[in-house]
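Below sits a lone chain in structure tokens, taken as the form predicted alone.
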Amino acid sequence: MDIFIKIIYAAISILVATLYGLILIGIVHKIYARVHRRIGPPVWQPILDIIQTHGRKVATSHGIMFFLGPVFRMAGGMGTYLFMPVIFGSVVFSNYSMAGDLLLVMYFIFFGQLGMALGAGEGGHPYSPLGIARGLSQMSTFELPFSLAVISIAIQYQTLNITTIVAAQQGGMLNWTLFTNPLAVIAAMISLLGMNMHSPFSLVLAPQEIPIGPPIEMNGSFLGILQTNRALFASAKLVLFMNLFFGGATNLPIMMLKTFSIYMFSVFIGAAFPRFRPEQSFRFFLRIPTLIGILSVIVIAYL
């Protein structure tokens, strides 16, 4: 019975996170529209889009891996979310945090992106290899400063367990990693810009160019799976950063406030800056944020 109850709690947690992620996407579309002096779609439009896409039939067939790509992507988002606590001390929103650690969550982040790359590679579109090369190259560069930030806080807290890291930050705002290890937070927050893929790091979708990629090649329920994962994965990344660097959350309103603030950081930068060229993006992540990450490891290890 405990297993079934835990599964029900996990399902509720995933549903709440997905709906929250969809609302965040709708808010971002509204903000970008206002910046462009447009009215924009309603905030609940992403929810309607998912309902619509799941109601359509798939009209293309490129092979098994093409259809497994969205499944792998969804598995990566769910794995990232399920193995960390969403609300510290909560029974419903603790997920399976006792069964995993920070390295497992990072592997799930890679798993979803690599699975989608394999799926897009079988699509047959001539620009698919270009999108894969851009996405994987940028992923490799922004994961470097993020990994250095993770190493730094692992040295600081002497653990890779996310729940233990959150527990160590309780007792006041000054105990947050933001104040005890600011260099690691700076490196990680710059990496978050690449993870969220807003401008200036929107290299894969590249909305200023000819529309290509998964939103065009995928259709029907497979596009619905991608859109659902986009919302869930966005929530998972925000919860991960909240737990590692901003003290976690002890209730749902605090969780929403912190994650919303973290997300708006990348949204505001995306609204203010134009998109980089691929080589500009790669060089950017390999320079300043990587140096800050290295410095954070040295400082926390020897000072």
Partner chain sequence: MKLKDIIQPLTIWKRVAEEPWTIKDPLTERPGADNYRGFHQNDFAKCIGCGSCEEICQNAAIDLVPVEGQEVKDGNSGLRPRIDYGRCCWCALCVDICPTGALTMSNEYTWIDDDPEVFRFTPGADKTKWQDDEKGYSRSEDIALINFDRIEMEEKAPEDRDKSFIEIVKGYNKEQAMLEADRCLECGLCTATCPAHMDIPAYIAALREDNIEEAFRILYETNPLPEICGRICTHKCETACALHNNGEAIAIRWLKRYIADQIPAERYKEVLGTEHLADPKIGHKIAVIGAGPSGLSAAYYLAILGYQVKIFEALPDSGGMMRYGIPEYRLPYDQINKDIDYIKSLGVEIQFNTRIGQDIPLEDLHQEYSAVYAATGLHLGRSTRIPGSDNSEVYFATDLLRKFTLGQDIPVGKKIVVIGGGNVAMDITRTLARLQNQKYGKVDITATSLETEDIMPADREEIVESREEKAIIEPGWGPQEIEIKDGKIAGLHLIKCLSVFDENGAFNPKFDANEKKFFKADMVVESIGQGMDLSYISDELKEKIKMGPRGRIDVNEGFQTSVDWLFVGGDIIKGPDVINGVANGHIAAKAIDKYLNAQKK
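Just so we're clear, the structure is a prediction, and the values are computed from it rather than from any experiment. Residue numbers count along the first chain shown, from 1.
Keep in mind that the form predicted in complex with its partner chain is missing from the display, and what follows is about it.
Can you pick the one in Met65, Met264, Ile27, Ile254 that has a heavy atom within 4.5 Å of its partner chain in the predicted bound form?
It is Met264.
Would all three of Phe4, Lys6 and Val92 be in contact with its partner chain in the predicted bound form, where contact means some heavy atom lies within 4.5 Å?
Contact check failed for every one of Phe4, Lys6 and Val92.
Could you list which residues of 31 to 54 come within 4.5 Å of its partner chain in the predicted bound form, counting heavy atoms only?
Ile31, Arg34, Val35, Arg37, Arg38, Ile39, in sequence order.
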